[in-house]
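The chain below stands alone and is given in structure tokens; this is the form predicted alone.
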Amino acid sequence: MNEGILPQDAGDPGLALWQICLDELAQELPEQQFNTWIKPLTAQVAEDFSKVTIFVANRFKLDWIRAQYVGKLTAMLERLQGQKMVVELALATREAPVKTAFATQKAAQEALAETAEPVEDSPANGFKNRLNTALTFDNLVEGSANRMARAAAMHVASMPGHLYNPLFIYGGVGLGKTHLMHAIGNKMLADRPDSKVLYIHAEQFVSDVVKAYQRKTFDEFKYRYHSLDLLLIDDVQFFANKDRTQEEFFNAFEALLAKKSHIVMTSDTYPKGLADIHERLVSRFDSGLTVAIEPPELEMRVAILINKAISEGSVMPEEVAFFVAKNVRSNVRELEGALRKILAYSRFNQKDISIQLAREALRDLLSIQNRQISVENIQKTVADYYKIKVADMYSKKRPASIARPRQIAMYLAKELTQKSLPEIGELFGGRDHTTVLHAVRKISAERQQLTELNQQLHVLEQTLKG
């Protein structure tokens, strides 16, 4: 079972209800909160849905869940089921039958492939690599949004220590950066089983530095990091304002490059866009190859949905995949979350997957999206960002200081709304649809080439999506 989709015996509606609840919480809560507190929970649902018993690993976590999350869990379960429910907490026991503990820890851990818990040690040398073996190049859907990053990652995995060192991959949340990192590590270990590979999140590196200072174990720390053949480190923007951590990472960076080991990093922005990171570290980040991963285009989103559904033993009709792909545009993680909701909703209601079913399963997501993003909202946001008047968006003025933001707004209107080219043109002062098409193609092409424009578009998209 992958990605938290319902197990084979998912005909049980209690299991489907709990899984839908987990999927919605994964979308609502910050990633770290969800992974720490909600992801490991298991649950048992009464046949009449009057009570849900949630199993927690220990007393400390039980008290914390009761104080912080029981209210949210109860409200969500009652809303999903449409009836009052009693939610109880209990300590998990070894004797608890797996069959009745719906959404077992394994299922919860696999709920988000991008954030799955690290898998076990490399069998050849016993070194803990923290790789998720389920994330490979084979199951990464390729498209124009990630083609360059995937090609660079494949090169690094096949010839580590040569070109593209370091490899710096940047992009928004949920676009597949972490998947690429794990794929590099898994391929390198498949080709070179004795290699020392380590995948970590930047926060773990910070924690390791703190522990090394507290315990005076810097020799062990340096051996662990300086002896690697491949270091994969996620979200280096978390090093901001942590001077000691930056110093130690710089030392590790230099040591690894000196022995021709490879370093792969990810971030939410390009190196020179990182805030509160020492200049000498930024220059190291930028000294190899920097590549972006963009939000997936329509065809790629459709392929992801169809492939993921097949991997879960389900078939998503192409017209349904197109409907979902047109409405869920931001990132792969949200796309997979939408798929999980649709599959769970289909099994819960024992209905075939159709556009109508998808519309029902995603009604909350669609209503939020329709409420938040409009062409008028895009025009106002872009005008504010580039310090021009909203009226300039539909005026006939053509100086570059106005024409450029207007083209960007047209591009975002095509990407983030369901409006047709003629409809967008009408909202931009009655312009012809060919003018809109030219703007969309121009900005789309320049986004691939101009780092500064790409970053500006990321900021605008995140602002518009709230």
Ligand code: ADP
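This structure is a prediction, so every number in the text was calculated from the model and none was measured. Throughout, we count residues from 1 along the sequence that is shown.
The same protein has a further form, the form predicted together with the ligand, not shown here; the description that follows concerns it.
The candidate site formed by Leu140, Leu175 and Thr178 is fully in contact with the ligand in the model of the complex, as each residue has a non-hydrogen atom within 4.5 angstroms of it.
Heavy atoms within 4.5 Å of the ligand in the model of the complex belong, among the stretches 256-264, 219-227, 178-186, 81-89, to residues of 178-186. Among Lys308, Lys341, Arg347, Arg329, the residue placing a heavy atom within 4.5 Å of the ligand in the model of the complex is Lys308. Screening Met393, Leu135, Val375, Ala212 for any heavy atom within 4.5 Å of the ligand in the model of the complex leaves a single hit, Leu135. The ligand in the model of the complex is approached by Asn146, whose closest heavy atom lies within 4.5 angstroms of it. For Arg333, a non-hydrogen atom is located within 4.5 Å of the ligand in the model of the complex, even though that partner is not displayed. Although the partner is absent from this view, Met300 contacts the ligand in the model of the complex, with a non-hydrogen atom inside 4.5 angstroms. In the model of the complex, at least one heavy atom of Glu31 sits within 4.5 Å of a heavy atom of the ligand.
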